[in-house]
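One chain comes next, on its own, written as C-alpha cells: the form predicted on its own.
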Amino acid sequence: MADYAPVDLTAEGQVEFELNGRKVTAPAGTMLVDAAFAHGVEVPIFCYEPRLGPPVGACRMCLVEVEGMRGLQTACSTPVQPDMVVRTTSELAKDGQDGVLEFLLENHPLDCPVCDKGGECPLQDRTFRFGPGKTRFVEPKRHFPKPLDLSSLIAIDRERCIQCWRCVRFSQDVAEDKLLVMEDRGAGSVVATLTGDQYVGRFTGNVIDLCPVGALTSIPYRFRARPWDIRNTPSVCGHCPCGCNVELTEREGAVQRVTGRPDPNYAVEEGWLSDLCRFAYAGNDGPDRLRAPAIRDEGRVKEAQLDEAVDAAALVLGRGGKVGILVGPRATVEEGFLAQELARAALPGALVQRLGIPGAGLEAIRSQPAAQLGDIDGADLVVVVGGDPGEQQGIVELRVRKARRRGATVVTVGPRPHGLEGLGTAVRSEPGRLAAALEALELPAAERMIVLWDEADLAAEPDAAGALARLAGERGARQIELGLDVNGAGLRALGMGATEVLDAARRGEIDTLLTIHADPLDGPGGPEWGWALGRVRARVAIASFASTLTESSTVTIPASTHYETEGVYVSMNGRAQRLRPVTAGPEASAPGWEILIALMHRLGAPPPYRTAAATFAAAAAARPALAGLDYDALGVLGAPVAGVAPVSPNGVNGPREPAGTGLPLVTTTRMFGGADAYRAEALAWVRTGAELVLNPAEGARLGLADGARARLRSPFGECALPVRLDPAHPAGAAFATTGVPEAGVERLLPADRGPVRVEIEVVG
C-alpha cells in the first residue's frame, strides 16, 4: 500500500530545511516523513498512512532528531518548517527506532518461514533494515487461538497485531461503517467488531492491504502461495465501471489474489477496492466457465478444437445472408473495433451494435466538462443525481465521503434511498419526476461543484438529463457519469449504438448473429430478444461463461476474461486504462481480439495488425474520441479520453412516458447481487438476493405483508419476488433488485432499460 503521500516538489510555497546535512525543500505543511521520502530518505513507519487522515503517532516508529526540539519527534506528525534541521539516521534517532522495534517484537512471533505474510511484511523488512541485531526481552511470547475469523473473508492472528490502528481507522474514518474497534486497553487491546458479529461491509478487504504485520489476512488466499512463487501484474478491475487499478497475483496458472496496487492511482480509486473487486476473482474458474469450443450440427453438440471452432464460425458467418454483430459491455476497445472492422471488410453490410443503454438524450450532460474520480476530493459541492453509487459504483462512495470530511456539501437527488443520503441534504424525487426536482433544486454557492449522475436513471428521463445539463452549465460544474457497463464508455467512443440489431432481428432481417461477450437473453428485454432471435438462423458466440445464449448457439468459442487478456477499458468517466493478462485461461480459449483477427483471416479480409497494441493504435487513428491516445503511453495509470460523446446544443429533450400500468418500477443493483458475486464462492456469505421493496402503506394497499411473495408483471415480462416493507422507501413506486441470476427482474424491463410500470399481485 501507499505508505507515503506523494509530494509535489515543484509546487508554490516551498520551504527550505536541512535533511541529514542536505538543504532541501518541500511544500509548507508537508509532514516530515513524506518530505524525507520525496528526497530519497526513508523514515520507517507502521501506523502512518496518509490516506487515513491526520496522523496519530501511535507506533512511534518514525522517531527522528529535530535540532532545537526536546527529545525525539515523530516524523509522521511533524510538518516541515523553514530552516528546520532534521537528522533521521543520527545515533540518537537510530537508538530511538531500535528501541521501538525491539518493543514491537516483544510479543510478535518472528515465524516468517511459516507466516503467510512472510516476505511481504513491512515489519520483517524494517526489522532487518532499521532494527537492532538482538533483543533484551527473554520472556515467553503470548499466544492466542489462531486464526480467528473476523469475517468469512478476513482472518486475524492477534499475536501479530502491533496495535497500529490502521484497520480501525479505515473502518471508522474512511469507509465510515464504524464496525471495527480496538477492544480493551493497554496490553489487552485487540481488534474486534463493535457488536461481536462478523465484519461485513463493502470495503472490508482494504484492511488486509493496510495491515503492516500480517495480522489481518485474506481467508481465500491464506496459505495458497509464498511471495517467491507468485507473479504480480498491474491491471484493471472488470467487475464494475469505475476502472479501479488492481494488482493480480498468479500462481500455477490461476488468479490467486487481487489487491490494491503498491502505488495507487489517485485519479481513480486511491488504492481502495470494493470487496467485489477484491474477491470476485474466485469465480474466474467457476463451474460455468467455458473451457472447450462447441459446434452444433443437426441438433447434436460436439466439443471441438479451437481452430476447428473458428473455421466453423467463419463458415457460418460467411455463407451469405445478413449478419448482426452484438458486442457486450465487457468487450475491450480492441474487440469492439475489430467487430466493426469485421463488418466493414469481411462481412459487408453487417450491423454492429453494443448491448447496453442507448443513451439518447444524454449528449448534453456528457458534453459538460468532465472530472476524474480523484477530483471529487477537492470539490466544495457534490451533487449526486439518481442511482445508488455505494452499491453500483462502490468506490465512488469513499470519494464522496472523503469530500464531505474535507468540508464539501453533499446534495443527493433521486427516487430511491441509498447510503449517501445521510451525508447531507437529500431530495427525494417522484419516479419519473426527476426533472421537476432538478428544476426546483436550491444549491449553495460553490466554486468547485461536481455533479455525479446515473446513466440509467437519466436515460429513462431525458428531460431530467437536459435539466441537469443546464444546471451544470450555469454553475460551471464538472460532471462524472455513473455508468453501469464495464466498458460502455469505450464502446460508445467507437461510435456504437445499441438498438439496431434488435430492431433488425425483430423484422427478420438478421440471418446470422455473432455475439462477443454479450448475452441479451438474460438481460433487460430478454423476452424481446428471445422472440427476435427465434427468427435468426444461426448464432456464433464468443463468450467466457455459459449462458442461455451459448447453450443454443451454433458455434461457441471460449474467450479469455479480463484477467487473461490484453486490451483497453474506458471507465465510466472516460479514463482509458490497460488490461494486462496474469494467466492464460483454459487451454482451448483465446482472447476475443485474437479470435476476431483469426475470423477475419478465415473470411479473406485479414487486418494489417496482429496485436492488441496495434489494434488499439488503429482504433485511435480511426475514431476521433480516442485520438491522441497511445497504447504504451497509457502505462499503468491510463489517460483521460478526449471526447466520449458528441456535443449537443442544449440538451432539451421531452419527458419519456413509462410503458404499462401500475406502479412505476425503480431498479437498483446490489454490489454482491450480480453474476460475478454468485460465481465467487468466497462471496457466498455476503451476496444478496433479489427482492421487491415497498413502502408499508403501499404494501397494505396491495395486501402484501413483509416476507410475502409477489408477482410483478410489465408489458415485457413477469417475475416473482419476496417482499420487504421498508418505511424508508417512498410510497407510489415499486423498488426491485436487478442483476441477480435467475431472479428475472430484467424480464420486466425493455431492452433499452426505459421507464416501465408494473402490476403487482400476491402469489397464492
Partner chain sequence: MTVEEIRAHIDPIRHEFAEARSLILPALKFAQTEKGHLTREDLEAVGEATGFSAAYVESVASFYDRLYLRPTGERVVSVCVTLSCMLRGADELLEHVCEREGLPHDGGTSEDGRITVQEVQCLGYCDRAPCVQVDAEETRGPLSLDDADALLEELRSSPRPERLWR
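In this text the structure is predicted, and so the values were computed from the model without any measurement. Residue numbers count along the first chain shown, from 1.
One more form of this protein, predicted together with its partner chain, exists but is not displayed; see below.
- Contact annotation for D184: at least one heavy atom lies within 4.5 Å of its partner chain in the model of the complex.
- In the model of the complex, its partner chain sits within 4.5 Å of a heavy atom of D197.
- Although the partner is absent here, S152 sits far enough away that none of its heavy atoms falls within 4.5 Å of its partner chain in the model of the complex.
- The closest heavy atom approach of Q172 to its partner chain in the model of the complex falls within 4.5 Å.
- Of the listed positions (A459, L179, M496, A267), a single one reaches within 4.5 angstroms of its partner chain by any non-hydrogen atom in the model of the complex, namely L179.
- The contact with its partner chain in the model of the complex, taken as any heavy atom within 4.5 Å, belongs to T193 out of S90, T548, T193, S77.
- Partner contact region in the model of the complex: 184-192, out of 100-108, 675-683, 384-392, 184-192, criterion any non-hydrogen atom within 4.5 Å of its partner chain.
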